[in-house]
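The chain below stands alone and is given as structure tokens, in the form predicted alone.
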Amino acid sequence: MFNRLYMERGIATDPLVRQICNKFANLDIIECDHYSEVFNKKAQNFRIQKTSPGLILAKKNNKFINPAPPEYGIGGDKNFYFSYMLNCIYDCRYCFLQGMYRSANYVLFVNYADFLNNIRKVCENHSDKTCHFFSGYDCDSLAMEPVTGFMQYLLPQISGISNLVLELRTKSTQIRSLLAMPPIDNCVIAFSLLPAQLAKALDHKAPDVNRRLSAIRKLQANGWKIGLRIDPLIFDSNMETIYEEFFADIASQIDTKNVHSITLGTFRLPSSFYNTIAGYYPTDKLFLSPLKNANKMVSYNEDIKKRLLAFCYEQIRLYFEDNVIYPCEIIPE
């Protein structure tokens, strides 16, 4: 998972820090004044560092809660995201993190109570609104849970906040801690999914799709609310057949009547991130697709985008009710 442990000097006595350091007592601890000394260091190569990342333990001092991007939303009045970690243990080819960060090291912010207090404050400030919070924007929400224990800390304490809904975005099958607690009614476990043949080529290091569907079944059986995140949709010359079989397979393996929400959107990246990532994989099929750059975003050309969105939307509607589907992009007529 990682073979180096960095720690800010100011948090050396924090109980969680001591716990993690004891768990990885075989690793040398490298101290720093601020995590940015390691994480933002110049002349780092994300791809090279991804083969041997380290874990940086740090304290976050501001911007605990941020407005969610416009395309994030599953029906809330106010949408926010928070990042208790930076970077992901998986290595998905389309992930924007490798275009946004110089470093592939993981950063864990250990002051969990500050995240909780800021979530509560936002909900209090918008007491007449439904506030949706998204975890999993800058990391996978559950992949490092055996190390961090963040969700074990957070979930029981947000369960009583009546105007809050929390989404945990994940590709992980690390669900033991969830199965060990009563389901939290205002929490949605949202799994990102790709058709198996595309996931095999693109979702490097992540659990395969059948394992994710198995995790969904277990969570549903234990009363947890489940979201399906079909994003990004990926172009393939055989995409109709691939996605038709994909949605039929999902419907055959999970309880389709017990799905909280489904989102879908095509592959898209800010152009600056795209240029960096495409430079890492110049011959990768994903980056040789018919893409265009418009308004500082790279995505498929309009014909392909419309075809992919319209087809997948109609396939989803064969198995799920319209009121649980939240497209991230406009569905063509």
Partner chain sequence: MLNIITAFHVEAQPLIEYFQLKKLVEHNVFETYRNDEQSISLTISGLGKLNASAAVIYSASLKPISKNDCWINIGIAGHPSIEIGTAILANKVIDESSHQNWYPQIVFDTDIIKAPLTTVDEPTANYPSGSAVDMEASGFLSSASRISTTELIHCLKIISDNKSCSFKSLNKQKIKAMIQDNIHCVTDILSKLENLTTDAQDSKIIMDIYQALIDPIHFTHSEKNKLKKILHKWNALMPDAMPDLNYCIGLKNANKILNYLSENLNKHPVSFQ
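Everything numeric in this text was worked out from a predicted model, so none of it was measured. Positions refer to the first chain, counted from 1.
Unshown form predicted in complex with its partner chain; subsequent notes refer to it.
Of the candidate stretches 163 to 171, 194 to 202, 79 to 87, 127 to 135, only 194 to 202 contains residues with a heavy atom within 4.5 Å of its partner chain in the model of the complex.
Residue in contact with its partner chain in the model of the complex (any heavy atom within 4.5 Å), chosen from Lys41, Lys296, Lys292, Lys63: Lys41. Heavy atoms of no residue among Thr13, Phe96 and Thr266 are located within 4.5 Å of its partner chain in the model of the complex. None of the heavy atoms of Glu302 is located within 4.5 Å of its partner chain in the model of the complex. The closest heavy atom approach of Gln49 to its partner chain in the model of the complex falls within 4.5 Å.
Its partner chain is not drawn, but in the model of the complex it has no heavy atom within 4.5 Å of Lys23. Using a 4.5 angstroms limit between non-hydrogen atoms, Ile234 touches its partner chain in the model of the complex. Contact annotation for 1 to 27: residues with any non-hydrogen atom within 4.5 angstroms of its partner chain in the model of the complex are Asn3, Arg4, Tyr6, Arg9, listed in sequence order.
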